[in-house]
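In the form predicted alone, a lone chain appears below as structure tokens.
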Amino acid sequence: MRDRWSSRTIFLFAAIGSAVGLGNVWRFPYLTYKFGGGAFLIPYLIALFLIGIPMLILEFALGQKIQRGAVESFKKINRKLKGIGTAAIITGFIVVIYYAVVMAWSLVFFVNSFNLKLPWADDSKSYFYNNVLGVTSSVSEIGGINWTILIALFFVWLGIYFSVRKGVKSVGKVVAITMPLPIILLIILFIRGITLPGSWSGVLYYLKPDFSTLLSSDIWIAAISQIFFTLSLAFGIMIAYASFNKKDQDVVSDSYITAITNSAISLFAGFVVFSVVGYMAFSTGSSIDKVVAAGPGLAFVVFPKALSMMPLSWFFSILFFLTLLSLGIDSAFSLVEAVNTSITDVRNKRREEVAFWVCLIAFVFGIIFTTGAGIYFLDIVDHFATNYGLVLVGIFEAVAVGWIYGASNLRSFINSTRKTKLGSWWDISVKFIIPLALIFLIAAQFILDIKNPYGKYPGWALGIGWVVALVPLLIVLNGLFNRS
């Protein structure tokens, strides 16, 4: 008999925990600030309801109906489509390899936050890049292994292993703690943030609408990509998680609760981040646009510096990096659980054994990201895996369900789980809106990368990225043309 979540609440905790990750703290607030503040919420919400929620309904429904992980679910639709599920979990596995390294950085900062005189107080940028990462001058200079990061990475993977080793039984116990924890911590940080001088100027800057940005294609691309990736779509995660539900659980309600909660936490995290950034700008006499930064720079340079300027800086640093760790762990072990579920679906292996080998292999592959050039490799792999790999999987999923299995057929199952019926608008979204929007997204990114090679990295390094990008396409094509 297939394992079951102990309750619907625990399933929702797991799904929301997977969706809410590090990107909610450093990616969403920065994108909102960059693309017109409150104006960004318009394309963001349109993308949420026309792409994000319909795609989440698709994945929840597929897993719940077929009661299998991503690989076996698509194989059930058509034997030749098995590669779509395989591509999803392999791409997700690539992502979790470097995602765990970012968690290792957070762990290092968390441990060092117990120092009353924060070691990054004088120069947070130098501390992060030189002391923590030991970064080299370029990707061509790999350098040695950073043993501090490697040890931290080991403990991260140890935590992931113990979270997934018994499948939904152990995952359920962990998410009961780790899903609510970051919300509680963000509330504490928010209360502290808005009481700081200059904080509201940061918040107003964060949401100040610039509606002229709506005329740019960039804002729509950013909104679609943020919605797609923040909901853990095309990783095989949501299919795997839903496969442990009872067949009559309300798919649509679960999807709306998961997606809207994730977006609400993203928006709230922006208030937390920019209240502190506003305080930092006020304290240093700088403008906010000079202080704020994108990506890891926001979480590991700007925010630590701002925290070091606060009263009880060590205490609030502990809270912040504990927040990052609790946000990261649910997303990380959900990626691993998607792999484990797909393997145990087809092989009669003990879950503990499968989890051990998956975690060990991921840890070994992750060692390259602990070297002096690790952050460069991480940047390259992340760009190509998320902007191409996952988008390709999303296109294949929508086409497979919308055109081959039949969107109306899956909608019939979805409607059997609820009293209020899901309308035919969902079929239109799956068959037309989602694939066309994702094709537009990947085409725009491809044109940009051809005109301006990403990050000005050397050709051999970008070659690694293009290999990662093409993995899903090659796997799916192999399945389609394989006669066996």
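Residue positions are given as counts along the sequence shown, with the first one as 1. Everything quoted here is computed from the prediction, not taken from an experiment.
Below: the form predicted in complex with a small molecule, not depicted.
Find the only residue in Ser73, Thr341, Ser334, Thr258 having a heavy atom within 4.5 Å of the small molecule in the predicted complex. Of the listed residues, the single hit is Ser334.
In the predicted complex, the residue from Ala461, Leu473, Leu22, Leu12 that sits within 4.5 Å of the small molecule by heavy atoms: Filtering the options by heavy-atom distance leaves Leu22.
What stretch, of 228-236, 393-401, 364-372, 147-155, brings heavy atoms to within 4.5 Å of the small molecule in the predicted complex? Careful reading of the contacts points to 228-236.
Exercise: Tyr99 in contact with the small molecule in the predicted complex, heavy atom 4.5 Å: Taking the distances in the predicted complex, the answer for Tyr99 is yes, it comes within 4.5 Å of the small molecule.
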